[in-house]
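Okay, here we've got a single chain as structure tokens, the form predicted on its own, with questions on binding and movement later.
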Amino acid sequence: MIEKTGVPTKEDIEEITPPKEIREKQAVAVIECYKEIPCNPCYTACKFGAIKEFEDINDRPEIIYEKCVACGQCVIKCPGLAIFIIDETYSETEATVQIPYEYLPLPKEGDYVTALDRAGRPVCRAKVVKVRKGKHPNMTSTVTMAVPKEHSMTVRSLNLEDYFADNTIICRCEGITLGEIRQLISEGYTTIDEIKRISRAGMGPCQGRTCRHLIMQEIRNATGQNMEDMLMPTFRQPTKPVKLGLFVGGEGDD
């Protein structure tokens, strides 16, 4: 699959995910090197012996988690941008993800950006907590973002545009912004049906095809509810407005 799409499968990712007991007590590097290729800069860059010595230049790198101090040298030196660092001890609800970043301009500390997954799809809103600029133009920079803890192994890139800002329209039919939804949730409206009835989000022509899932995500983020357990409101099939003339034969209706 990865040869055709460039995106690893769920099984690929599970194979390189650090054990839960390690993630619960320390920051650690994650190496997404899925194929045997002649490459070892990560090994030579590590001064702590945290990457197992190669028996062959084509070996896939293996991390000795107990020795990893998450210094980030392997992230900077990897020519394939295949290494990132996760820290699930950052807070009760958030983790940090440090990724290699070779685009310009660099984000600034404190900026909110859109975190992306391996396929370049938006995952969540992320806050930039640290930017480590390369010492010279040919040196890779790194960006560290704070994201919801459940996305620590999902986020692999970023977009400087903040798709999840409060002024983002999430219900295009009714013009409801993300900020309005968040305000309603903070006031105690924590079901999709309550939010729908008080704001009309999901009551437009598309009947929530665009916004329903986004509202569910916000409820989950604010309350901890599982999206699978949320009750769906009633909704009609998506509709398309038509001119009255179509019904009276005034628009060339056959």
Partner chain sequence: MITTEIAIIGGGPAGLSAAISAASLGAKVAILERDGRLGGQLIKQTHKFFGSEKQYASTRGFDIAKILEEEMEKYKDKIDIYTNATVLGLYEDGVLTIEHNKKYMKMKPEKIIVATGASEKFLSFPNNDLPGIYGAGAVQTLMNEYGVKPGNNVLMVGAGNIGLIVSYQLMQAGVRVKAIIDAAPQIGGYLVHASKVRRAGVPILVSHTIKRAHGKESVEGATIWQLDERWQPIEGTEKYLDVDVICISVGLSPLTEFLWQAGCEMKYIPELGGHVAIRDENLETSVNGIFIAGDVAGVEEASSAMVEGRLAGICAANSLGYGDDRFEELRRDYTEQLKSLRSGPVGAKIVSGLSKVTVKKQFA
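What you see is a predicted model; the values in this text were computed from it and never measured. Residue numbers count along the first chain shown, from 1.
There is another form of the same protein, the form predicted together with its partner chain; it is not shown, and what comes next is about it.
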Do G175 and its partner chain come within 4.5 Å of each other in the predicted complex, heavy atoms counted? no
Does its partner chain get within 4.5 angstroms of any non-hydrogen atom of A165 in the predicted complex? no
Quick one: does T210 come within 4.5 Å of its partner chain in the predicted complex, counting heavy atoms only? no
At the 4.5 Å heavy atom threshold, is T223 in contact with its partner chain in the predicted complex? no
Verify the flagged residues G6, I37 and N40 against its partner chain in the predicted complex: is each one within 4.5 Å by a non-hydrogen atom? yes
Please name which of the stretches 197-205, 63-71, 210-218, 28-36 has residues with heavy atoms lying within 4.5 Å of its partner chain in the predicted complex. 28-36
For the stretch 129-144, return the residues whose heavy atoms include at least one within 4.5 Å of its partner chain in the predicted complex, in the order they occur. P137, N138, M139, T140
